[in-house]
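Only one chain is shown below, in structure tokens, and it's the form predicted on its own.
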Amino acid sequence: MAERRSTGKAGRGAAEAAEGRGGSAAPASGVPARLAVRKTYKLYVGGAFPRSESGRSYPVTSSSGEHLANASLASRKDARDAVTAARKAFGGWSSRTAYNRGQVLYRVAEVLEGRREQFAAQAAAAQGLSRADADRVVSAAVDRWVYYAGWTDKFAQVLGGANPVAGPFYNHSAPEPTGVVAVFAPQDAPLLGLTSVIAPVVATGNTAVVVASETAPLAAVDLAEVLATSDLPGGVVNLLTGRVGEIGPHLASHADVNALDLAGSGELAVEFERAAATTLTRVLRPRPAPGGGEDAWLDPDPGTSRMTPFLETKTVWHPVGV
């Protein structure tokens, strides 16, 4: 019996090694060999997962240079389609009650929590993190969705209110979403950084077109699957993978984009900001963070600093006592 158990372990080890190399596993006794089922990473636009219209893709490697997968290489046409989908979804999403938006974001946290093992394993492989660090990053990402879910019905009270005026008027200011926001996700924080820039945009009633980390886009597409299987309506978040330098100029100068978050634009930030000026698009500039990586986004209380840039203030006057 001991000899047979040893042989079984060796057989399993050989099978795992074969799968790791991308080949078919060596068949165990009486078990037919299976080919590895490789995942095809696509874009996420309008609630669907289309391939790039260009048909292009590019290889994604781990921190050690090992090939992980091929990701879609989004084109200018894909960027336009994503903006169209975001604009179409804006009216419905912004008109939902703050309480309902909070429920939806909390549901995203629930689904992400249910897939935490998958995300932790991917972070360990793609970013070279230890399993403990990968678990910490995933936990922080789940907590970040919960954090902004709690803000959906509170930011209006914090950022708005009655204004004292010298006259027989009642003057009230209230924040409203600005519209479609193009977000360049952090390059070195593909999960927690990505969550930290998407969640405040949609929590405040905006819709988003997101350009994922160019070097580590797989977490973003997996997060898109979480969004698609939660209650977030299609088009509220649209996710593109590919070259920031290729997609970015078209989003920055697009007349139907109302704001830009340049968190992950790197050296191209100045170029994108100039392009945005042609259409008077609001811009949130990159903020340097000490250390970089996922650790730069671990602050458990990010406050309202990433929500306020994407809000407009509406002020209403009413005559009183007349």
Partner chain sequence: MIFEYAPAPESRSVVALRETYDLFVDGGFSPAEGGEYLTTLNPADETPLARVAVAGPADVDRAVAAARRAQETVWGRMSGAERGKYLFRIARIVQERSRELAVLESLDNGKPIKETRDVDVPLVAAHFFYYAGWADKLAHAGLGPDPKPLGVAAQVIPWNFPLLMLAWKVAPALATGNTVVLKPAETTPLTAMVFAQICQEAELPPGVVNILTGAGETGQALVEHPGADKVAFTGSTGVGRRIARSVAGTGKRLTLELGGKGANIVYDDAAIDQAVEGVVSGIFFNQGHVCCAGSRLLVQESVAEEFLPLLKARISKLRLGDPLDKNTDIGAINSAAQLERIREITDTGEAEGAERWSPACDLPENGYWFAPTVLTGVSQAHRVAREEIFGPVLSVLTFRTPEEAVEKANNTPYGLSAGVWTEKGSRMLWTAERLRAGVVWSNTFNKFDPTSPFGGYKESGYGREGGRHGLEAYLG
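Numbering follows the first chain given and starts at 1. Every value quoted in this text rests on a predicted model; they were computed, and no experiment measured them.
One more form of this protein, predicted in complex with the partner chain, exists but is not displayed; see below.
- Although the partner is absent here, D295 sits far enough away that none of its heavy atoms falls within 4.5 Å of the partner chain in the predicted bound form.
- Contact check for E113: every heavy atom lies farther than 4.5 Å from the partner chain in the predicted bound form.
- At least one heavy atom of T278 is located within 4.5 Å of the partner chain in the predicted bound form.
- With a 4.5 Å cutoff on heavy atoms, R56 does not count as touching the partner chain in the predicted bound form; it lies far away.
- In plain terms, the part of the chain that comes close to the partner chain in the predicted bound form, with a heavy atom within 4.5 Å, is 157-165 out of 137-145, 157-165, 184-192, 232-240.
- With the partner omitted from this view, the residue of E176, E225, D153, E246 that lies near the partner chain in the predicted bound form is E176 [heavy atom within 4.5 Å].
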